[in-house]
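Quick heads-up: it's one chain on its own, the form predicted on its own, in structure tokens.
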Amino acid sequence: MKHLVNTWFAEQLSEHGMYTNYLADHHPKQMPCLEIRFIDWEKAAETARRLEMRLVAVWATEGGFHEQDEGTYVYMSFAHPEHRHALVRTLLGKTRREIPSISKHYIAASRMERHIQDMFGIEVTNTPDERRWIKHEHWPEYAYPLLRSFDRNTRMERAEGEYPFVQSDSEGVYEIPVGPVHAGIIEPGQFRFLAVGEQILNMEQRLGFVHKGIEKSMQGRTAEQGVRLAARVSGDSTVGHAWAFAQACEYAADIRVSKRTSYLRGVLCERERMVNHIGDIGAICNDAAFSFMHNQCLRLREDMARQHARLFGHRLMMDTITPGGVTIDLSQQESSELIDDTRQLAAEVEHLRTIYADNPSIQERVIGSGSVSISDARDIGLLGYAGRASGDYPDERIEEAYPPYDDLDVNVPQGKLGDVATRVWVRFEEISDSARMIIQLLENLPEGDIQTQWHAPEAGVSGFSAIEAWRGEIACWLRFGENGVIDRYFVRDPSVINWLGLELAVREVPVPDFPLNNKSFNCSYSGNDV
């Protein structure tokens, strides 16, 4: 296993005159956290960008476990394909309630910083966007839910307000409001289009309608209780989120799971990748009136869900991962059955892929629609299939090579055009490669226990993990408090970043092609609205 280290980044910061100090409350075998001075916060982000590091996340937490920890910490994490992850924090202290924005270096930081403002009341200075993000206008101005002083049971008077969407007074430009309630079963989210004729000039999102308060709800839960909540951050990524949470717990507690456990986790995650890609390909085709493809993908997805229920106890494979192990096991007969099913499924998808490629109607709709250039993809930090379609290829299965992927060759599809067609192509490629890896994992499934005894670390110890789920990298950081319960939990779903890519992709796209582009990204509302 390649450990999460940031010694290289510490050396780079020191060379530029920034003081760094390694902290003991992040387990040193996994990822030592660097503490920097407040005055070096923005400069550290600038250095990371110059070193071509990718922004993973920005978040905040209150201290208080030790006398010197009083105040608020702000964290940021970066990734580099050759030097792994870097985790950096600075202390605001007892009285300082502001932090400079790093969004001029990393575009995706803006919404994360707005989240910090909403949840902690920390002012982000020099920010390009001061509007509320997760905390909608009906929240009282001075209610900050993630402060320890905030009682989650507090009943508050409803405030008034309206979200100030970007507007245009140019002649011929009109607005199209969509949502937050949609004509279907999708989650609520608001889109505001500025268009001329059928041409979209700008599309802006307003999310947060399904904000669930998961970060607050996680406080006071044991790891065993917390993983069940983490698995429900976004139901279609339940394996990915549960794995990220469990691995962060294991890193904090210095627990190494068995090889059989890691192989079973890999099987679960790759099955989750396959079933979602198959469903999304069908949905994209449905929006272009290619109903045959949609129906076939629905059939395959339903077949997979039924088999998951039979083998793993849940159609979505929910609650199959726990800190230290998994809750399910496969007999030799069940493994053989799953191998045969996966092989047959991959063959059927390849047959459908030929039909899809030979259909001129769908190809005319997807080729060239909603392109995102490689430079824009890197500026935003697009993740998963969205990034790979545009020529940017971050993949935690390779960059971190956590088990079982340290025993596998992961083939990353390398797209270039960044349009709907390429995002679909990447999905087809990933389905095929996931099937190959599932078969390899099951054919070589090691003997051994599926659960390592769990024990919580000391109060104040943190853990960080990054898992390559089907949408892309899920980043999770958590800190344990007294009596072995979770004191702080932060998670960054890939959709937090990829929603920005959708906004960029649909500029200069006809309004009728928005559903195609939206489905090709298929960002999670729930994953954003934690």
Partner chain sequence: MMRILKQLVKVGTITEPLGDANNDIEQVGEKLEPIIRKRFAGSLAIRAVDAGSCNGCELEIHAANNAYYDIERFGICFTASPRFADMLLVTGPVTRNMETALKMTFDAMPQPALVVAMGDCAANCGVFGRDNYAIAGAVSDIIPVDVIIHGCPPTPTDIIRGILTALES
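Positions refer to the first chain, counted from 1. What you are looking at is a predicted structure, and each value in this text was computed from that prediction instead of being measured.
The form predicted in complex with its partner chain is left out here; the points below concern that form.
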property	result
Segment assignment from 194-202, 379-387, 149-157, 409-417: heavy atom within 4.5 Å of its partner chain in the model of the complex	149-157
Proximity of residue 261 to its partner chain in the model of the complex, heavy atoms at 4.5 Å	no
4.5 angstroms heavy atom contact with its partner chain in the model of the complex for residue 395	no
4.5 Å heavy atom contact, residue 256 and its partner chain in the model of the complex	no
Contact of residue 391 with its partner chain in the model of the complex (heavy atom, 4.5 Å)	no
Single option in 458, 302, 130, 98 placed near its partner chain in the model of the complex, where near means a heavy atom within 4.5 Å	302
Residue (of 436, 83, 228, 104) lying close to its partner chain in the model of the complex, criterion heavy atoms within 4.5 Å	228
Candidate site 32, 40 and 71: all three near its partner chain in the model of the complex by heavy atom within 4.5 Å	no
Members of 270-308 lying within 4.5 angstroms of its partner chain, judged by heavy atom, in the model of the complex	290, 292, 296, 298, 299, 301, 302, 303, 306
